[in-house]
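Given next, in structure tokens, is a single chain: the form predicted on its own.
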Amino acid sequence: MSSRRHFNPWAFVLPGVIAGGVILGVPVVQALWTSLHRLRLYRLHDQVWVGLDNYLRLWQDPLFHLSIRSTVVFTLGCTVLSVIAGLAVASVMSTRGIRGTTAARFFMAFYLVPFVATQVVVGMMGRLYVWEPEYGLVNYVLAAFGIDGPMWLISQDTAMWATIITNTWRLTPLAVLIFYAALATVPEELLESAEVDGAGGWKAFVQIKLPMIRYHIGFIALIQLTSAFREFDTVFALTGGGPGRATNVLSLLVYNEGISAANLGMANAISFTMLIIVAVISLIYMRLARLGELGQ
């Protein structure tokens, strides 16, 4: 006697798809619609259709080009540094003799502090206690070695680096968690065999561990990149986009256009442009990941 199972996966997926479409789709469509109008913040009833004029003006604006360059530098810097720092910390914490010890657990818990702190708190801590030129932590350490530290957040030469390092400190704990879990899945037998064959710690890390967690690295890189690309709170609390326009990333440009200048049409044009950029980056990553799977 045969029995048939009637199972429709869409019955479980459809509610989430509908909820996601409403929660995410409606604001995106509204932002696109607003970007095609001239709309002031305090005159929401007075919309004037301008078509693509906001986008044309945007791409002709030197400040927008400067913000794109600042965003690219900030995003790539945060992504590269957070991935490298996450790999380094997770590798040390997952080595034999350290993994599972009380000291390792305490360090991991302590290292998660910036992950659970809000971005505004991280930015304020960086501005008041880390990069402050007279009594900040960085210049205090440099002075101990006889080095006169710069005015980190006031100089255009150093403000971006200070901002990148501060946001990297906030992003790294997520990378540590993922990489620590990924490295725990590497079979000990492979590492012991490599040790017998004369492969030292660094060689085993490069030839065995890194290839086995490459998809985790790609995933974390994408998460960190998209997070840094749209970062607002940390940069705003740390520098406010200054000095000058040195750290005026796209998210701050949206704020300045939409709130300070009360130009909601232009602000939504910038936001929708950022959405397109993030979507293109995500599609490229998924395409490359798919080609990597097919190439194996």
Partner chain sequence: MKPSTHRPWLRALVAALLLGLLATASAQVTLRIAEHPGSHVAPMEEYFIPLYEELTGVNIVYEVLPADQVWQKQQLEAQANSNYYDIGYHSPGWFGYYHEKVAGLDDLIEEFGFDLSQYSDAVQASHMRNELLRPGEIIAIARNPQTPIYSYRADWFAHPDEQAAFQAAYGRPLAAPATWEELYDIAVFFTRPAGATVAGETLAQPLFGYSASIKPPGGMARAFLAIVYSLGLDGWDENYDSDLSDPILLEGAAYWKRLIQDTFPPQAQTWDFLEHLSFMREGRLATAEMWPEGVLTVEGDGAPTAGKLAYAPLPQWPGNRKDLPIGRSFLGGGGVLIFDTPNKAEAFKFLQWLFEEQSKEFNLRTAMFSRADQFTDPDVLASYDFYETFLPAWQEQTTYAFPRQYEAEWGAVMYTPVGEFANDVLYDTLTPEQSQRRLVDNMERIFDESGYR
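The model shown is predicted, which means the values in this text are computed figures rather than measured ones. Residue numbers count along the first chain shown, from 1.
Absent from the display: the form predicted together with its partner chain. The rest refers to it.
Trainee: Mind telling me which stretch in 223-231, 267-275, 26-34, 238-246 gets its heavy atoms within 4.5 Å of its partner chain in the predicted complex?
Mentor: Of the options given, it is 238-246.
Trainee: Just to confirm, M151 within 4.5 Å of its partner chain in the predicted complex by heavy atoms?
Mentor: The answer is yes: M151 has a heavy atom within 4.5 Å of its partner chain.
Trainee: Please run the contact check for E189 against its partner chain in the predicted complex: heavy atoms, 4.5 angstroms, yes or no?
Mentor: No.
Trainee: Since only the chain is shown here, I'm wondering whether F106 would be in contact with its partner chain in the predicted complex (any heavy atom pair within 4.5 Å).
Mentor: Looking in the predicted complex, residue contacts with its partner chain do not include F106, since no heavy atom lies within 4.5 Å.
Trainee: Give a yes or no for F110: in the predicted complex, does one of its heavy atoms lie within 4.5 Å of a heavy atom belonging to its partner chain?
Mentor: Because no heavy atom of F110 falls inside 4.5 Å of its partner chain in the predicted complex, the answer is no.
Trainee: Tell me, out of Q207, Q156, S193, T118, which residue has a non-hydrogen atom within 4.5 angstroms of its partner chain in the predicted complex.
Mentor: Flagged contact: Q156.
Trainee: Is any part of 28-42 within 4.5 angstroms of its partner chain in the predicted complex by a non-hydrogen atom, and which residues would that be?
Mentor: Read in sequence order, the residues that approach its partner chain (within 4.5 Å, in the predicted complex) are R38, R40, L41, Y42.
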